[in-house]
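Heads up, the chain below is alone and in the form predicted on its own; it's given as structure tokens.
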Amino acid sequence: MNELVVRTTGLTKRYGKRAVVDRLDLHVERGQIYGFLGLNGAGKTTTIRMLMGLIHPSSGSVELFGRPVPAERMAVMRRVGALVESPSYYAHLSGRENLRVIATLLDLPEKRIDEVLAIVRLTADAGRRAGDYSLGMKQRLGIAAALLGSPELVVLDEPTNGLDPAGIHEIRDLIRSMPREHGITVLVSSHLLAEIDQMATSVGVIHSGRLLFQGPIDDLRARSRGHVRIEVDRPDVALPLAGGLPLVAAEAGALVLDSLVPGDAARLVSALVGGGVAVYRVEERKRTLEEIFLELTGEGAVA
């Protein structure tokens, strides 16, 4: 395992008797884009606020760069940039002026403002009032503010929420560039699996405060292994003809072959036709990541 930038152990937050976050063990390695995926209300923002030391856990612990939060929060936060919920900005100031306020507080040079404006592609609009920005531009301004201190870790809470497709594409490209071009580890939360699938290298799935899955996104994709459904006129007669092929089962009007190997499907079709069984249709079926997500969270049936 590479260096852990984020590590939580048994992280729990209760309000009264209700556990909003329940014994969470997050592991985010250096250089990853970690997709923190869950439905609205799953506990993502509460978890992020605990990571940032904005609220205290009821139990469990948070470590960033191997140092405890909130005990060493001030030292650790110098290495972290965050956009939690909506970006904050002064509507009457320009984009550049908004960043200059933060840069002054952090005692950063003017050239750093130019650098982050270029990273988020706001250089041409830096002189416009932030209140006149589109929602996507405001999100990019918020990310620019998070990048000002040259952080090693950036935490983004639902950064594409409410954006149009063009805005989503811009934010997605920006996030994907961070580890590759700037050496930044990213933790990004979302309720949209399709967005996480297009930018994350690792994923954690949270539901009702509990972590249901954590690992490389390729491991989640591997669960989408599919099958071939072959519609026939007599499934009861067809089933014995499928001997030796992997896990063939009969269902209403069809056989289901637990394999996507083309040769397996061809052998089965040949055996069925040779045995006098009419084959009406051969269809490849593969579970989508959306179906896997719904299966994990119990929010829907899997086909």
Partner chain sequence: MSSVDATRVAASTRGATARGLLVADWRRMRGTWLFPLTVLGPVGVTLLGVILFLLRGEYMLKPFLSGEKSGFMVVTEQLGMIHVFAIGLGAALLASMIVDLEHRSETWKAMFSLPVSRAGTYVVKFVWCAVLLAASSALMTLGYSSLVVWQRLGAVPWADLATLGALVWIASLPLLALQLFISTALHNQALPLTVGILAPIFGMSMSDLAPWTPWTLMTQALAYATGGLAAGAQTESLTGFGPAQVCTVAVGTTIVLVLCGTLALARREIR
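The term rigid core refers to the maximal set of C-alpha atoms that superpose within 1.5 Å between the two forms. Residue numbers count along the first chain shown, from 1. Just so you know, these numbers come straight off a predicted model, no measurement behind them.
The same protein also exists as the form predicted in complex with its partner chain; that form is not shown, yet it is the one meant from here on.
Pick from 118, 106, 135, 192: which has a non-hydrogen atom within 4.5 Å of its partner chain in the model of the complex? None of the other options qualify; the answer is 106.
Quick check on this chain: which one of 150, 198, 177, 123 has a heavy atom within 4.5 Å of its partner chain in the model of the complex? Selected residue: 150.
Is there a heavy atom of residue 163 lying 4.5 Å or less from a heavy atom of its partner chain in the model of the complex? Because no heavy atom of residue 163 falls inside 4.5 Å of its partner chain in the model of the complex, the answer is no.
Heavy atom of residue 254 within 4.5 Å of its partner chain in the model of the complex: Flag for residue 254 set to no.
Answer yes if any heavy atom of residue 102 is within 4.5 Å of a heavy atom of its partner chain in the model of the complex; otherwise answer no. Result yes; residue 102 sits at the interface with its partner chain in the model of the complex.
Heavy atom of residue 56 within 4.5 Å of its partner chain in the model of the complex: Close contact exists here: in the model of the complex, residue 56 approaches its partner chain to within 4.5 Å, heavy atoms only.
Tell me which stretch of 71-79, 166-174, 229-237, 206-214 has a heavy atom within 4.5 angstroms of its partner chain in the model of the complex. Stretch with heavy atoms near the partner: 71-79.
Which of the residues spanning 33-51 lie within 4.5 Å of its partner chain in the model of the complex, based on heavy atoms? Contacting residue: only 49.
Taking the rigid core as the superposition reference, indicate whether the CA of residue 131 shifts 2 angstroms or more between the shown form and the other one. After core superposition, the C-alpha of residue 131 moves 2 Å or more between the shown form and the other one.
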